[in-house]
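First, one chain by itself: the form predicted on its own, in structure tokens.
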Amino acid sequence: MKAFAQLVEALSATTKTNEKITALQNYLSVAADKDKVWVIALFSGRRPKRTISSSLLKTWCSEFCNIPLWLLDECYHTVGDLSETIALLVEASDTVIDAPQEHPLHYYIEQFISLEKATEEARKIFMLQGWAQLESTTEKFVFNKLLSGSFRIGVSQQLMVNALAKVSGASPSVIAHRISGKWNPATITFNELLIDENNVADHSKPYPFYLAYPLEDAVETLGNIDEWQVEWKWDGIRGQIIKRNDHLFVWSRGEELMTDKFPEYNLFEQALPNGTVLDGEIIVAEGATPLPFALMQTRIGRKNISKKIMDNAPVSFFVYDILEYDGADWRGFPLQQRRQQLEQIVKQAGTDKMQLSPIISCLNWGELTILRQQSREHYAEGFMLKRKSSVYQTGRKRGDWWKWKIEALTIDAVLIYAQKGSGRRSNLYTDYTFAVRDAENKLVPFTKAYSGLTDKEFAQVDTFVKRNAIEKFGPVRTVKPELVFEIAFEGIAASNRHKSGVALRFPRMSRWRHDKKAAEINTLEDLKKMLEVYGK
């Protein structure tokens, strides 16, 4: 655990990619194989389930440190992160503790798993032993994070892939494929996971997705338009459809197995040949006609998809690419060749639940620029621009695939509530609620946002919140309605769950409006007009 805590500390101390890769490489070079597997799992979203609730953690920490719960809550509101608060309190406690004992990372995680169905008393004993035996504040912090199911760290899967490639000598694309899909870190060995000859067969395993960069320069800088394949950038859920060994699998870009979430796709099991992997977008649609994304939200999070839900929010799969055909990896073939094979596959499938994402034809970039303004009418976010000669790469790469999105919608609003963030921002107020004015000039909250500002701006807002807090509701502070921000968002929909009657898609702060006063912000009526024009 000590070595893992030092790794977490090293990764948290830098934002530089090469330094993070070096830290991971150094750890993987010396760690036990079991620990390596769990680190891969933790950094790719396969963390253990929560073993102990926050309320129990608070109660036991209060007893361990001999402090009242109200004081612990005050410390929590100041620090902003419960795991860090408990680690600091335990470290500063006068409680007599055992001599530090060193156990590997996998020991603690295996104990966590075994305690899932244990009695509350057994879990408490293990918790107190961990606090007593772990040596540093960082070890206790990581221990708390793992036990509470809230372990997250700023390491992308691509960083992990690059570090593993350096350690193992395999190519990043091969590594990325091996650590994706459905595998159990409690049962698989490091060699089974990474060494090709011993790799445990998993017929459901998806390929790593190829992601596009936002186009920031003028589109004309891409050269001749004839060298590019242009498609709509659909507003849905990126996914892969896999047919292997007579079984169908549906994966999201976040590596969530979603086969049961989309029963409409069951017919693909008969329509697709074995050894086929398709990349595309899961879209609520009637045949080839996309419908508002808001309908998809009625399905997300549902455990059971009823016939009524399927009737009200039917889904189709808009196919972009073919990654595997007849069991062979096709990612190395040029896009033009993959597209030809894809067209045949979709035609043979013969179902309106699978649509070929259409290619947009224009004589020049000027025509395409005009057409791009019609994106929202097609329930799209703009265009995808793909070089026709491009291979299908892993992760986000510059040069061959670009997303050319339409300009975001914006509205000016005033900050009314603030809450502390998490992770490296746990000491700063960085999570904000914004309001517009109604017809009676009252402030109506309508959205939250926590991204878009620089570190310097976040620090300035934090200072304002601390000096101008009016009321306190647990971790939330009501502040003087003075700071005005431009809120950017991708879409707007009607919502019965919000007092304002609207819900925004991907809201963020696009700029701090130092030039505006609170009296000049937009109104609820402005939002409703946007809903009429752009509502989905």
Partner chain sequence: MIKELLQFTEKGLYCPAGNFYLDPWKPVDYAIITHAHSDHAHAGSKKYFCHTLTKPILQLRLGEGIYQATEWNQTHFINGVKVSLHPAGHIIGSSQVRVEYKGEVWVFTGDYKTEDDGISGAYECVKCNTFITESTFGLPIYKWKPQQQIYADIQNWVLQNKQQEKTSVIIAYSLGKAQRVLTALQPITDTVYVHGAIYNMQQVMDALGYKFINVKRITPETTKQELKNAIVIAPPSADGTAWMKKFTPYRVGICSGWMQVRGNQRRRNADKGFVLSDHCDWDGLVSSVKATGAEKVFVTHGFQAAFSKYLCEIGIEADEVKTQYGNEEDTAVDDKIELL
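Numbering follows the first chain given and starts at 1. Everything numeric in this text was worked out from a predicted model, so none of it was measured. Take the two forms, find the largest set of C-alpha atoms that superpose within 1.5 Å, and that set is the rigid core.
From this point on, the text means the form predicted in complex with its partner chain, which you will not see here.
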Distance check, Val8 to its partner chain in the model of the complex, heavy atom within 4.5 Å: yes
Contact of Thr15 with its partner chain in the model of the complex (heavy atom, 4.5 Å): yes
Heavy atom of Glu19 within 4.5 Å of its partner chain in the model of the complex: yes
Close approach of Ile67 to its partner chain in the model of the complex, 4.5 Å, heavy atom: yes
Contact check for Arg152, Arg467 and Phe473 against its partner chain in the model of the complex, heavy atom at 4.5 Å: yes
Sole residue of Ile179, Ile282, Leu428, Met384 within 4.5 Å of its partner chain in the model of the complex, by heavy atom: Leu428
Its partner chain: the contacting residue among Glu74, Glu231, Glu343, Glu192 in the model of the complex [heavy atom, 4.5 Å]: Glu74
Which of 433-441, 248-256, 76-84, 308-316 lines the interface with its partner chain in the model of the complex (heavy atom within 4.5 Å): 76-84
Large Cα shift (2 Å or above) at Asp526 between the shown form and the other one, core-fitted: no
Core fit, then Ser495 C-alpha moves 2 Å or more between the shown form and the other one: no
Rigid core fit then Phe473 CA moved by 2 Å or more between the shown form and the other one: yes
